[in-house]
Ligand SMILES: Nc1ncnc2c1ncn2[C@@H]1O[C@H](COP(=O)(O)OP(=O)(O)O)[C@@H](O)[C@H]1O
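There is one chain below, alone, in structure tokens, taken in the form predicted alone.
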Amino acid sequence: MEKSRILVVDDSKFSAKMIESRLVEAGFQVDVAYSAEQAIASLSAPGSPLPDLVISDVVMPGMDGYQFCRWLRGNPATVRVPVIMLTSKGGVSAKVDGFQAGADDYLVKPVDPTELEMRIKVLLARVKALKSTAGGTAAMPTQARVISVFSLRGGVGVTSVAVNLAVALAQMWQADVPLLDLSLQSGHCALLLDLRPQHSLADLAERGPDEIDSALLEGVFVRHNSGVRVLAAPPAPELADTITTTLVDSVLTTLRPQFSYLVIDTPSRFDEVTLTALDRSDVIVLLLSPEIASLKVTTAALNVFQALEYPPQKTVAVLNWPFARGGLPQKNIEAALHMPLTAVIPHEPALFVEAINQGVPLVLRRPDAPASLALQQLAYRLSGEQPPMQKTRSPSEMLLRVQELVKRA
């Protein structure tokens, strides 16, 4: 089997040689350039073989890694070559700069050689899967529509909305829907479905990307009778750090070709794992409540999304009304966000609490309640332009109900 070719660009000969040695040992073919200019000259030479993946340092004399990455993205021959950036600069802003330049992944030095090798394999596997199905007249495989529910403010109902959306999608389209719980220190998706998982994401922590496959994930899922399959958060907070971006990326890469929808419950912070999920999402449900603190952090989140160059249509703002009276007017919220609200989930005095305590999602327990109907209609809107067709089954009761509501609107 032909070896994958990796181009390493680093002005530090010691660092470049260390990476080269490790990757050669792992079975890759490695080319090394000690500056971005040298790499460009090599890539531009007639007949020069193109790399399957590029690893570039950021801080280099002359052209830096960001400029080099932009050159790669502007060159038709290398526009789709995956790029991993290595730098000593940490923090969200540095990662934003890397993604803005066109990088696919970003690692902070000192880099663990095993993690670097695993991330390379994940990116190469993704490219290989796309190439194998894009040739000739073959159609691209169905890819799950990934929907993440996110808020920088805790307590606004992110988990409840994520669980109800997953259940609504599963019931509406009579399809299995994975629900990935990335609230790693205190995940409650299984609890809200009255499930007691025997396995969790932590059971996958020691697995490499090559080991993450459908059969393995099937054994880790805990199934709900609605059609939702929960991939639970670790059972103890101290296990949260075992969940890496490489693992999350591997799980999403494996699941996407198998399902029509995939829902992610995210924590109320920007960290590496959360950003990986948001990067891979087709839709981000940005949840807020009608009060100043929530509006402030929602605006901050939108600024980060803009810096990450997420397309505007990727984010939908949803207002969850947690109290009976008061709160900021909807028109003021929309004016502050500079975008319309896609949905408003009305206040329910006790139904959400009862649903949580009983482990029965609101869309199942009270499908006719106003908040439940709002969630069902949101799920319908998020289904995309081409939802799964039910060729052998009659339309579900939930789908007929929502379609009737849409007609009346």
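Small disclaimer: the values here were computed from a predicted structure and weren't measured. For every residue, the number given is its place in the sequence shown, counted from 1.
The discussion below concerns the form predicted in complex with the ligand, not included here.
When the ligand is considered in the predicted complex, residue 320 lines it closely, a heavy atom lying within 4.5 Å. Contact check for residue 37: every heavy atom lies farther than 4.5 Å from the ligand in the predicted complex.
The ligand is not drawn, but in the predicted complex it has no heavy atom within 4.5 Å of residue 365. The shortest heavy atom separation between residue 348 and the ligand in the predicted complex is within 4.5 Å. The chain is drawn here without the ligand; in the predicted complex, the stretch among 306 to 314, 147 to 155, 75 to 83, 230 to 238 whose residues come within 4.5 Å of it by any heavy atom is 147 to 155. Here is the short version: of 260, 174, 159, 276, the single residue with a heavy atom within 4.5 Å of the ligand in the predicted complex is 159. Listed residues 256, 121, 89, 188 were compared with the ligand in the predicted complex; 188 is the one with a heavy atom within 4.5 Å.
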